[in-house]
Each structure stands twice: as C-alpha cells, then as structure tokens.
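Single chain ahead, written as structure tokens, the form predicted on its own.
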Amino acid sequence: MVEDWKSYEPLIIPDIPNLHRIEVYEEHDGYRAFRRILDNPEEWSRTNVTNEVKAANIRGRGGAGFNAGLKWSFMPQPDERPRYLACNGDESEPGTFKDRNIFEFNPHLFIEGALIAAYAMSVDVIYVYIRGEYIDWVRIFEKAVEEAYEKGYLGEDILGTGIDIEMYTTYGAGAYICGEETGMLESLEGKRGYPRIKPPFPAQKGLWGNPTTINNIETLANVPLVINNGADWYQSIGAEDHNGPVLYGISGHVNKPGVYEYPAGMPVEDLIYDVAGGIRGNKELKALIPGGTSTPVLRADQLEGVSMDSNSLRDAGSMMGTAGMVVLDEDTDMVDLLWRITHFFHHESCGQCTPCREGTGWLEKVLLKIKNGEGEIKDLDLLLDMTTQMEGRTICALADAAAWPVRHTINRFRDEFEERCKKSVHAVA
C-alpha cells in the first residue's frame, strides 16, 4: 500500500541493467504474460483478458484516467473490417516526460502490453505514435520492435498460434494537438492534426473509418503486470479507486528532478521533500502544478494531506493528469508563469475552433499587457470571463486546457495579479 512506499520495488522500470534488450527482458519473465494467454486460450479468452484488465482498474495514464479494460470493451465485435490499436506516446504536455523512460529502459514491457491489448480486442495492427522530438527514443524503441519480430512475438502466425499482429512506429512533427486522440488519428492518416467531432467515437470509426482503440504508453505497460499477478494483486497497490504503479515526473524548483516510480496515491509532500530532495536553495514551497500545465495549480496551503490520485486531487481542486508535477518555489512570479503557459497554448492551438483560436490569443495578449506593467484590475475579470466563453465550446479539450490555468491561477493568486495591475496604475498617475 501507499504507506509502505519506502520499501516499494519498481515494477514498470525495475533496476535491471540492459532490460531494453529482449534477451534480458525474457530472462526476467518478459513476455510470460503474453505466452500464458496464448498457451491457455480457453482460460484466457479475449473476453476474459478484457474483464481481468477491467477488474484491475488500470486508469489511463495519459491524463483522462479512464478504466483501460472498460475502454477495450467498447470495441465492436469483429467483422470484415481491419481493427487498430493506436498507442499514444506524443507526450507534449509541458511537465510531462515519463513515457520516454519506458521507451529507453523497458520498451518490451509496453510492447507486451500492446500485444495483450491487441489480442483482447482482435486487433490486426498496432500503431505507436511518438513525439517527434523523441527521435533518440524512437530509434531505441524501433530496435526493440525489430527484436520482437525476430523472436516471433510480432508478425504472422505469432508463436505458431495463427494470430497475426503487426506493429508500426511513427512520429509527429512537434504538434501538441496530435496528443489529442483524434488529432493523432488524423496525423496517422497523413492529414493535418485537426481533432474530430465525437460521436462517432474511435471505437466505432477511428483510423480510416475502422474500429480503433487509443491507449497511452504507460497505461499499456501496466497490462502484463495484471496478467502475471491478477487484478486483486494490482488493486492492492496504490490508492483506493486509483491502483497500480505510477511514473511521477517531478520538475521545477526541486533538488532532484526526474522520473520516479511509486504507487498511485503518494502523499504530495513526500514526493516533493523525500523523493525529489526538497525545494532548491532551501526555499519555501509556493505552489504545485500536479499533472502537467493544463491541470489547475494548487497553493502550498492547499497541499496538506493531499495525495497523488484522482480523488484526492479532485477534492483539493485539481487533477491527476499525467502526474507531471511542476514544483514552484517562493520566488516564482505567477504572472510570468501564467503568461508563459498561455503563450504555449496559443501557439499550439490548431485553429479549427473559433473559441480556442481567438480565445487563446486574447488570453495571451491580455496577460502580456499585465506582465508588461500595463494592465488594469478590470483585465482580471475580463480574463475570467474569457475562460468561461472558451470552456466546453470546442471540438477537443485544448480550449479547456488553456482556460483552466488562467482561471485557477488568477483566483488562487489574485493578490499578485492585482498588485501588478496597481503598479501600472501608479506608474500612469
């Protein structure tokens, strides 16, 4: 359980040298879960595999936190159409950098999880979409895919079972919007990354109009753990209703930034002070962005007793997101920080929807005005009104992701914003 985190032994990225090589992975029970399923198709029917993963409650690690097995169950029954699994490794959310550790240190765990998912959903082809800036990690991963083909885990007639599953790797060109699941599908089809209107949902009409399921890289890396050890074992790790291990990406003003694997539900203060070595320069903690920059910032006085799981963070007024924790010290200028975040979302808006295309631009312009000492108090209420006009009015959630930081940062640090605006008034006077 979370209380015993100091004795926790990593499961997704264990401390095993050269685990990225298939022979080392196999020596440590690699592909055992996949072989177990293929060797016992009556016990491990496609439905039973899906139900076991559903019972384990692997919550999606890409930000939404949706039950992975439940998502698999939405795939329609097989027919004459091809079926796809699209694996989302386009982690372009600022503060998020955990999937690349899987690509580098344990890519075969993810490949095995993707194969189990493909088996469960009768999928023919797996596409792995990786962030374009991760080209070094793309090469590492492609080598692992080659090894899996050579060993017979991928391709035609896998391990003599008559099952055919292909895996292809592709990468984007630095567009944040392609991390949105349907934007990624458009990119995979060779189109501009414009998110699609839903419904229809990808499970009914995804890649090239065919049934498609989209899962995050870390989500699928959890699947072999469930098959090897069972759903009850998996649920014994982490917090209630948020189970299993999590890769916490901790950055910002800490002494030891990095990716750390611990159970879901870790106390926020333990992660900051014990795991990440505390605040740099022995300064005071001012705020935390818990799950990537689209998740609402929390003040230091809101963090007492808060743990890194969906329920606890929701009650505190934020979200788990990707568990990309950005730690902010006492010297952080919240006006400058919010402008930088808003500049990012304005730059990354695909421009398809007017509230997002225009709204992100105006958010940035007004915040730049305040940042430059030219703002007025009424600008703060204007910004809050704009977030209301943007949220829930677009095809995808990028407008929401841009609106939430503005709304919550102003509301939770309004004194700093008002002070900056008052200084501009005094300067004019």
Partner chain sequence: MTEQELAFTQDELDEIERIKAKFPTNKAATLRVLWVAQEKYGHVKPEVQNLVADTLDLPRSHVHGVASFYTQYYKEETGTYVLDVCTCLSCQVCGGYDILHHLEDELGIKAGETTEDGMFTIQEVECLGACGYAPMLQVTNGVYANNLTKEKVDKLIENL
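Computed from a predicted model, the values in this text were never measured in an experiment. Residue numbers count along the first chain shown, from 1.
Beyond what is shown, the protein has a form predicted together with its partner chain; the following relates to that form.
Its partner chain in the model of the complex comes within 4.5 Å of a heavy atom belonging to residue 132. Though the partner is left out of this view, residue 252 does reach within 4.5 Å of its partner chain in the model of the complex, counting heavy atoms only. Under a 4.5 angstroms non-hydrogen atom cutoff, its partner chain in the model of the complex lacks residue 201 among its neighbouring residues.
Of the heavy atoms in residue 71, none are within 4.5 Å of its partner chain in the model of the complex. Looking at 301 to 309, 111 to 119, 152 to 160, 322 to 330, the stretch with residues near its partner chain in the model of the complex, meaning non-hydrogen atoms within 4.5 angstroms, turns out to be 322 to 330. With the partner removed from view, the residue among 191, 314, 81, 283 that has a non-hydrogen atom within 4.5 Å of its partner chain in the model of the complex turns out to be 191. Interface residue among 76, 277, 174, 230, judged by heavy atoms within 4.5 Å of its partner chain in the model of the complex: 174. Residues 326, 328, 332, 336, 337, 339, 340, 341, 343 are the members of 304 to 343 with a non-hydrogen atom no more than 4.5 angstroms from its partner chain in the model of the complex.
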